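To begin, one chain is listed below as structure tokens, in the form predicted alone.
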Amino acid sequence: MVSTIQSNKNIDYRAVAAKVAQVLVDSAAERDRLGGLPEEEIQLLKESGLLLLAVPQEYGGVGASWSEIYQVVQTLSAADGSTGQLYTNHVVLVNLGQAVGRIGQAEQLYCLTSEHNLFWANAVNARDARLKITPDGDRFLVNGIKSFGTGVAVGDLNVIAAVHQSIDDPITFILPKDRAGITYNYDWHNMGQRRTASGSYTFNNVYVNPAEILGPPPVFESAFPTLIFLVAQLSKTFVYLGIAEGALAAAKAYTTTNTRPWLSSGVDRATKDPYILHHYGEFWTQLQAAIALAERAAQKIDLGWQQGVSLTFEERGDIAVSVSAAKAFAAQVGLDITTKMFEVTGARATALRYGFDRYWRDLRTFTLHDPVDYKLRDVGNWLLNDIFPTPSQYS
């Protein structure tokens, strides 16, 4: 376990993340086989102090930039894709109040998070409209089912979206973990990201107070509220990059210690095989290019976030193109590495005890939530027609 660390801007949180990642990677294959709730992973994050990385200093947090936060996301994801996804959702959700909250809501939520070291999770899947919210006197009631509720079973604060019959957009609200009427259906049995508890949740007359509803933001004409979608999109990109980085590191360690040269290679060690060298050179080059593209997008996210409500839709559009390109390329490169890593490790590397298949399973599962083709279409539409991506949960 990592010792408890008080929020302090002077602490090297990349080093803290590296220590957490080492704990995670040592047990990642076993936890992947077991599946289940990520209770020990969340406890580890709480003890590390990393949950407060995205909270501004004036409210008791670290106040890291998005570029700094994304580096931590990448480090954690290299060790364990499930924990990387849970953590990246948390750091984005913590900032929802700043982006789309009404006056005073962000400050309240920041203070609550830092005071109690809370972990955030969500069930906001915009494509699932089965969850309904209806007025009930001076409050609301929520009934129905919501899928892809990543981490809600272990979340301290859960961001939920439900449909109101007279409003076009879903209503988003924040509920504490002990709110009665929410049941996890334990139906997340997917091939990858198996420790994210991303199954469905049933809501039975769950009450919501008006103060728990998020927003509306005070400045409607600003592009800033929609920037949070791009913040989230790029955060997932760094999960992709982390998983790919972890796969490459695992493959390298195995090749240098276990892989045998092929019969007709003419070399005495696998690390001298020209084809293996070629593959590794390609892997490393592609990954560095993907990281560079994502880091450039992260710099744009930082600048856009600093602008706040003065951010224009044209400026937001430029950021969106960079994020779409980075996310699409990271997905392509990551899937290539996690698939071809077995070509440089050999047949024995497929043994269950190594668990190397989890890298592909995790990345393949996570990337399917947002098709690469639509990302590249958005980039092409901007390049040929000067049309920026339409702001949405995915763009």
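Predicted model only: the values in this text are computed from it and were never measured. Sequential numbering from 1, following the sequence displayed.
Beyond what is shown, the protein has a form predicted in complex with another copy of the chain; the following relates to that form.
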May I ask you to state whether N385 is within 4.5 Å of another copy of the chain in the predicted bound form, using heavy atom distances?
yes
Taking heavy atoms only, is E68 within 4.5 angstroms of another copy of the chain in the predicted bound form?
no
Contact flag, T255 vs another copy of the chain in the predicted bound form, heavy atom cut 4.5 Å
yes
Is there any non-hydrogen atom of V379 lying within 4.5 Å of another copy of the chain in the predicted bound form?
yes
Another copy of the chain is absent from this chain, but in the predicted bound form, do L248, A292 and T365 each have a non-hydrogen atom within 4.5 Å of it?
yes
Quick one: from V152, V206, A232, I276, grab the residue that has a heavy atom within 4.5 Å of another copy of the chain in the predicted bound form.
I276
With the partner omitted here, the residue among V159, A325, V142, V91 that in the predicted bound form has a heavy atom within 4.5 Å of another copy of the chain is A325
Mind telling me which stretch in 109-117, 189-197, 159-167, 79-87 gets its heavy atoms within 4.5 Å of another copy of the chain in the predicted bound form?
189-197
Which residues from 257-292 come close to another copy of the chain in the predicted bound form, meaning a heavy atom within 4.5 Å?
R260, P261, W262, L263, S264, S265, T271, D273, P274, Y275, I276, L277, H278, H279, Y280, G281, E282, W284, T285, Q288, A289, I291, A292
